[in-house]
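A single chain comes next, written as C-alpha coordinates; it is the form predicted alone.
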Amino acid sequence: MTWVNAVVHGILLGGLYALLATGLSLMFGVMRIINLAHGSLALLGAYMAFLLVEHAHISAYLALVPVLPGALVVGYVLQRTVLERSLRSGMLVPLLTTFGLLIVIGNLLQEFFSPDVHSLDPGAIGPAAWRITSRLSIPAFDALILGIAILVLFLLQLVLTRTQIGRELRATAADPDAAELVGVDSRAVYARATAIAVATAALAGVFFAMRSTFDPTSGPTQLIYAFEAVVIGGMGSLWGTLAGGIVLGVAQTVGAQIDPQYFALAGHVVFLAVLVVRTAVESGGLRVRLRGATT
(Lines give C-alpha, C1' and ligand atoms only; values in the text may rest on other atoms or scores of the structure.)
Protein backbone atom coordinates (compact mmCIF):
# COMPACT_ATOMS: atom_id res chain seq x y z
CA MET A 1 0.00 0.00 0.00
CA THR A 2 2.96 2.33 0.56
CA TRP A 3 3.88 2.09 -3.12
CA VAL A 4 0.27 2.74 -4.14
CA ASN A 5 0.32 5.82 -1.92
CA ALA A 6 3.50 7.02 -3.65
CA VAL A 7 1.93 6.56 -7.09
CA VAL A 8 -1.26 8.40 -6.08
CA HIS A 9 0.74 11.31 -4.66
CA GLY A 10 2.85 11.33 -7.81
CA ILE A 11 -0.24 11.63 -10.00
CA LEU A 12 -1.45 14.56 -7.91
CA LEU A 13 1.98 16.19 -8.03
CA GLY A 14 1.88 15.76 -11.80
CA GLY A 15 -1.11 18.09 -11.86
CA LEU A 16 1.07 20.93 -10.58
CA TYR A 17 3.77 20.18 -13.15
CA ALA A 18 1.19 20.02 -15.94
CA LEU A 19 -0.29 23.36 -14.89
CA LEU A 20 3.18 24.87 -14.78
CA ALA A 21 4.10 23.43 -18.18
CA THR A 22 0.92 24.42 -20.03
CA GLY A 23 2.12 27.89 -21.00
CA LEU A 24 5.52 26.57 -22.04
CA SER A 25 3.85 24.01 -24.29
CA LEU A 26 1.51 26.62 -25.78
CA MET A 27 4.31 29.01 -26.67
CA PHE A 28 6.33 26.26 -28.30
CA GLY A 29 3.30 24.98 -30.18
CA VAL A 30 2.43 28.41 -31.59
CA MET A 31 5.78 30.17 -31.94
CA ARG A 32 8.27 27.27 -31.88
CA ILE A 33 10.34 28.89 -29.12
CA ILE A 34 11.30 27.62 -25.67
CA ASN A 35 10.71 30.38 -23.13
CA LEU A 36 13.58 30.00 -20.65
CA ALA A 37 11.99 32.70 -18.47
CA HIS A 38 8.80 30.67 -18.01
CA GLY A 39 9.61 29.55 -14.46
CA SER A 40 10.60 33.09 -13.48
CA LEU A 41 7.31 34.44 -14.88
CA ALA A 42 5.47 31.86 -12.76
CA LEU A 43 7.49 33.07 -9.78
CA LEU A 44 6.55 36.66 -10.64
CA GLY A 45 2.89 35.66 -10.36
CA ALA A 46 3.59 34.20 -6.92
CA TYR A 47 5.18 37.46 -5.78
CA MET A 48 2.29 39.50 -7.18
CA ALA A 49 -0.08 37.40 -5.08
CA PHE A 50 2.26 37.70 -2.08
CA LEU A 51 2.12 41.51 -2.28
CA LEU A 52 -1.67 41.50 -2.38
CA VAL A 53 -1.92 39.05 0.51
CA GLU A 54 0.51 41.06 2.64
CA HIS A 55 -0.77 44.58 1.91
CA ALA A 56 -4.43 44.12 0.96
CA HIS A 57 -4.94 41.35 3.54
CA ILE A 58 -6.87 39.08 1.21
CA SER A 59 -6.59 35.34 0.65
CA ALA A 60 -4.27 33.92 -1.98
CA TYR A 61 -7.30 32.63 -3.91
CA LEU A 62 -8.86 36.10 -4.04
CA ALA A 63 -5.48 37.52 -5.10
CA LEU A 64 -5.81 35.52 -8.33
CA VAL A 65 -8.59 37.88 -9.45
CA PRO A 66 -6.17 40.78 -10.14
CA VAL A 67 -3.07 38.63 -10.66
CA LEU A 68 -4.36 36.75 -13.71
CA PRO A 69 -5.44 39.86 -15.70
CA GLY A 70 -2.14 41.48 -14.70
CA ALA A 71 -0.25 38.45 -16.01
CA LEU A 72 -2.19 38.65 -19.29
CA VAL A 73 -1.06 42.25 -19.70
CA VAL A 74 2.55 41.37 -18.80
CA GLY A 75 2.59 38.59 -21.39
CA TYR A 76 1.06 40.74 -24.12
CA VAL A 77 3.46 43.64 -23.49
CA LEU A 78 6.41 41.24 -23.23
CA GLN A 79 5.67 39.78 -26.65
CA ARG A 80 5.09 43.17 -28.28
CA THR A 81 8.19 44.84 -26.83
CA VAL A 82 10.82 42.10 -26.45
CA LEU A 83 10.01 38.73 -28.00
CA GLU A 84 8.56 40.09 -31.26
CA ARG A 85 11.89 41.59 -32.25
CA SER A 86 13.88 38.52 -31.27
CA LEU A 87 11.64 36.21 -33.31
CA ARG A 88 12.77 37.94 -36.49
CA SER A 89 16.37 36.89 -35.94
CA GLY A 90 16.14 33.10 -36.02
CA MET A 91 15.85 30.37 -33.38
CA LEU A 92 18.86 31.22 -31.20
CA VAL A 93 18.01 34.86 -30.42
CA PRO A 94 14.69 34.11 -28.60
CA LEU A 95 16.54 31.60 -26.41
CA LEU A 96 19.16 34.19 -25.50
CA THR A 97 16.46 36.83 -24.98
CA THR A 98 14.41 34.69 -22.62
CA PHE A 99 17.56 33.60 -20.78
CA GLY A 100 18.40 37.26 -20.24
CA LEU A 101 14.84 37.86 -19.06
CA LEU A 102 15.24 35.01 -16.57
CA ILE A 103 18.32 36.70 -15.11
CA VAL A 104 16.66 40.13 -14.99
CA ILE A 105 13.50 38.89 -13.27
CA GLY A 106 15.49 36.91 -10.70
CA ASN A 107 17.70 39.87 -9.83
CA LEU A 108 14.79 42.31 -9.65
CA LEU A 109 12.86 40.00 -7.33
CA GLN A 110 15.90 39.64 -5.10
CA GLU A 111 16.39 43.42 -5.07
CA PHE A 112 12.79 44.19 -4.10
CA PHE A 113 11.96 41.20 -1.89
CA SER A 114 15.41 40.13 -0.58
CA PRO A 115 16.56 36.48 -0.65
CA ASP A 116 14.09 35.58 2.12
CA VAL A 117 11.90 32.52 1.71
CA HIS A 118 8.13 33.06 1.56
CA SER A 119 4.97 31.01 1.23
CA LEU A 120 1.24 31.60 0.73
CA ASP A 121 -1.45 30.24 3.01
CA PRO A 122 -3.65 27.67 1.21
CA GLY A 123 -6.35 28.04 3.83
CA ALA A 124 -8.27 25.24 5.49
CA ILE A 125 -7.89 22.96 2.48
CA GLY A 126 -4.09 22.92 2.89
CA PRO A 127 -3.78 20.23 5.59
CA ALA A 128 -7.03 18.46 4.66
CA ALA A 129 -6.91 14.95 3.23
CA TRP A 130 -9.28 12.12 2.36
CA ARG A 131 -8.11 9.00 4.17
CA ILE A 132 -8.91 5.90 2.12
CA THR A 133 -7.09 3.38 4.31
CA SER A 134 -4.63 3.58 7.19
CA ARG A 135 -1.77 3.92 4.69
CA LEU A 136 -3.48 5.63 1.74
CA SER A 137 -4.64 9.23 1.83
CA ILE A 138 -5.39 11.83 -0.85
CA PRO A 139 -4.37 15.44 -0.05
CA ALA A 140 -7.32 17.69 -0.86
CA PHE A 141 -5.15 20.62 -1.98
CA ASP A 142 -3.15 18.49 -4.42
CA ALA A 143 -6.41 17.08 -5.80
CA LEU A 144 -7.63 20.67 -6.27
CA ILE A 145 -4.50 21.54 -8.26
CA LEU A 146 -4.93 18.48 -10.49
CA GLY A 147 -8.56 19.42 -11.08
CA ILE A 148 -7.61 22.98 -11.99
CA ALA A 149 -4.90 21.72 -14.37
CA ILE A 150 -7.43 19.50 -16.16
CA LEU A 151 -9.94 22.39 -16.29
CA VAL A 152 -7.35 24.80 -17.73
CA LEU A 153 -6.31 22.28 -20.38
CA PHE A 154 -9.96 21.57 -21.25
CA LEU A 155 -10.74 25.29 -21.60
CA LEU A 156 -7.65 25.86 -23.74
CA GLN A 157 -8.66 22.95 -25.95
CA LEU A 158 -12.11 24.52 -26.37
CA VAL A 159 -10.55 27.88 -27.23
CA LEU A 160 -8.26 26.30 -29.82
CA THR A 161 -10.99 24.25 -31.50
CA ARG A 162 -14.19 26.29 -31.10
CA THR A 163 -13.24 30.00 -31.29
CA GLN A 164 -11.92 32.36 -33.93
CA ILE A 165 -8.89 33.15 -31.78
CA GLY A 166 -8.16 29.44 -31.56
CA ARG A 167 -8.42 28.96 -35.31
CA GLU A 168 -6.03 31.86 -35.81
CA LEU A 169 -3.62 30.35 -33.30
CA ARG A 170 -3.68 26.97 -35.06
CA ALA A 171 -3.33 28.53 -38.50
CA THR A 172 -0.39 30.67 -37.43
CA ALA A 173 1.27 27.70 -35.72
CA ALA A 174 0.92 25.63 -38.90
CA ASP A 175 2.12 28.28 -41.37
CA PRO A 176 2.43 31.95 -40.32
CA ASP A 177 3.09 33.14 -43.87
CA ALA A 178 -0.03 31.44 -45.24
CA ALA A 179 -2.05 32.78 -42.29
CA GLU A 180 -0.88 36.31 -43.13
CA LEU A 181 -2.10 35.84 -46.72
CA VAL A 182 -5.66 35.22 -45.53
CA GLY A 183 -5.70 38.26 -43.22
CA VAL A 184 -4.43 36.86 -39.90
CA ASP A 185 -2.15 39.26 -38.01
CA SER A 186 0.54 36.86 -36.79
CA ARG A 187 2.05 39.45 -34.43
CA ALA A 188 -1.29 39.88 -32.64
CA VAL A 189 -1.72 36.10 -32.50
CA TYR A 190 1.72 35.67 -30.96
CA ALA A 191 0.95 38.37 -28.40
CA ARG A 192 -2.30 36.65 -27.40
CA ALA A 193 -0.56 33.29 -27.12
CA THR A 194 2.15 34.76 -24.90
CA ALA A 195 -0.46 36.52 -22.75
CA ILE A 196 -2.31 33.23 -22.18
CA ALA A 197 0.96 31.40 -21.52
CA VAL A 198 2.09 33.93 -18.91
CA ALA A 199 -1.34 33.90 -17.23
CA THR A 200 -1.27 30.10 -16.88
CA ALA A 201 2.30 30.35 -15.57
CA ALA A 202 1.19 32.90 -12.97
CA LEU A 203 -1.71 30.64 -11.95
CA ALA A 204 0.71 27.74 -11.50
CA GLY A 205 3.13 29.99 -9.61
CA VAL A 206 0.47 31.01 -7.09
CA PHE A 207 -0.53 27.39 -6.42
CA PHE A 208 3.13 26.39 -6.18
CA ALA A 209 3.61 29.16 -3.59
CA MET A 210 0.67 27.79 -1.60
CA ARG A 211 2.02 24.26 -1.78
CA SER A 212 5.68 25.01 -1.02
CA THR A 213 8.09 27.81 -0.16
CA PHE A 214 9.58 30.11 -2.77
CA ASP A 215 12.35 32.67 -3.12
CA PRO A 216 13.84 34.72 -6.00
CA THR A 217 15.96 31.76 -7.14
CA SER A 218 13.05 29.30 -7.49
CA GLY A 219 12.28 30.15 -11.12
CA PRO A 220 14.93 28.01 -12.90
CA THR A 221 13.97 24.93 -10.88
CA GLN A 222 10.33 25.28 -11.92
CA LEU A 223 11.46 25.79 -15.52
CA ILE A 224 13.32 22.46 -15.43
CA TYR A 225 10.27 20.57 -14.17
CA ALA A 226 7.99 22.27 -16.70
CA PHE A 227 10.41 21.57 -19.55
CA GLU A 228 10.74 17.91 -18.57
CA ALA A 229 6.95 17.52 -18.45
CA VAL A 230 6.62 19.09 -21.91
CA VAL A 231 9.33 16.90 -23.44
CA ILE A 232 8.03 13.68 -21.85
CA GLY A 233 4.49 14.42 -23.04
CA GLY A 234 5.46 15.69 -26.48
CA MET A 235 6.44 19.24 -27.43
CA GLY A 236 3.40 21.38 -28.21
CA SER A 237 0.79 18.82 -27.07
CA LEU A 238 -1.54 20.17 -24.36
CA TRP A 239 -2.93 16.84 -23.14
CA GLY A 240 0.51 15.33 -23.61
CA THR A 241 1.70 17.94 -21.12
CA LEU A 242 -0.70 16.52 -18.53
CA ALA A 243 0.57 12.99 -19.22
CA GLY A 244 4.18 14.18 -19.03
CA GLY A 245 3.56 15.97 -15.74
CA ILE A 246 1.99 12.85 -14.23
CA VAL A 247 4.85 10.62 -15.43
CA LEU A 248 7.37 13.06 -13.94
CA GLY A 249 5.48 13.33 -10.66
CA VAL A 250 5.12 9.55 -10.28
CA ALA A 251 8.81 9.05 -11.06
CA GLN A 252 9.76 11.54 -8.35
CA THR A 253 7.51 10.15 -5.63
CA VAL A 254 8.44 6.54 -6.40
CA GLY A 255 12.11 7.53 -6.39
CA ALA A 256 11.63 9.23 -3.04
CA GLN A 257 10.01 6.04 -1.74
CA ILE A 258 13.24 4.19 -2.51
CA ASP A 259 15.41 6.95 -1.04
CA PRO A 260 14.40 10.57 -0.28
CA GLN A 261 17.53 11.76 -2.08
CA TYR A 262 16.25 10.19 -5.32
CA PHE A 263 13.21 12.50 -5.55
CA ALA A 264 14.58 14.87 -8.21
CA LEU A 265 17.06 12.36 -9.65
CA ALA A 266 14.35 9.83 -10.57
CA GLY A 267 12.49 12.45 -12.59
CA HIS A 268 15.64 13.46 -14.44
CA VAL A 269 16.43 9.82 -15.23
CA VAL A 270 12.96 9.27 -16.73
CA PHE A 271 13.36 12.47 -18.75
CA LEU A 272 16.69 11.31 -20.15
CA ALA A 273 15.29 7.84 -20.89
CA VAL A 274 12.42 9.37 -22.89
CA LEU A 275 14.91 11.51 -24.83
CA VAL A 276 17.10 8.49 -25.64
CA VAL A 277 14.14 6.36 -26.78
CA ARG A 278 12.61 9.16 -28.83
CA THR A 279 15.96 9.93 -30.48
CA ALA A 280 16.49 6.25 -31.30
CA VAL A 281 13.00 5.93 -32.79
CA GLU A 282 13.36 9.09 -34.87
CA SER A 283 16.83 8.14 -36.13
CA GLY A 284 15.54 4.66 -36.99
CA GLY A 285 12.69 6.19 -38.96
CA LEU A 286 15.13 8.45 -40.77
CA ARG A 287 17.26 5.44 -41.79
CA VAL A 288 14.17 3.67 -43.13
CA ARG A 289 13.24 6.72 -45.21
CA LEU A 290 16.79 7.06 -46.52
CA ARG A 291 16.90 3.39 -47.54
CA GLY A 292 13.58 3.78 -49.28
CA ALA A 293 14.87 6.79 -51.18
CA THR A 294 18.01 4.97 -52.36
CA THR A 295 16.27 1.79 -53.55
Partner chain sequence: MTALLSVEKLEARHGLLHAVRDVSLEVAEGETVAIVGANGAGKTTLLRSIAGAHRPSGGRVVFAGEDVTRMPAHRRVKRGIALVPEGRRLFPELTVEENLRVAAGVRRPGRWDVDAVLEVFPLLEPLREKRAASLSGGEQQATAIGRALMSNPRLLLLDEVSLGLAPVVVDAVYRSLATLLESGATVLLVEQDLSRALGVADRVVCMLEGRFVLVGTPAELTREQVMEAYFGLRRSAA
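Just so you know, these numbers come straight off a predicted model, no measurement behind them. Numbering follows the first chain given and starts at 1.
Below, we refer to the form predicted in complex with its partner chain, which is not included among the displayed structures.
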{"query": "Selected contact from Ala124, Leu151, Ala174, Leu136, since only one has a non-hydrogen atom within 4.5 angstroms of its partner chain in the model of the complex", "finding": "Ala174"}
{"query": "Segment assignment from 201-209, 128-136, 183-191, 142-150: heavy atom within 4.5 Å of its partner chain in the model of the complex", "finding": "183-191"}
{"query": "Partner contact for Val77 in the model of the complex: its partner chain, 4.5 angstroms, heavy atom", "finding": "no"}
{"query": "Partner contact for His118 in the model of the complex: its partner chain, 4.5 angstroms, heavy atom", "finding": "no"}
{"query": "In the model of the complex, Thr161 touching its partner chain (heavy atom, 4.5 Å)", "finding": "yes"}
{"query": "Partner proximity in the model of the complex: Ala179 to its partner chain, non-hydrogen atom cutoff 4.5 Å", "finding": "yes"}
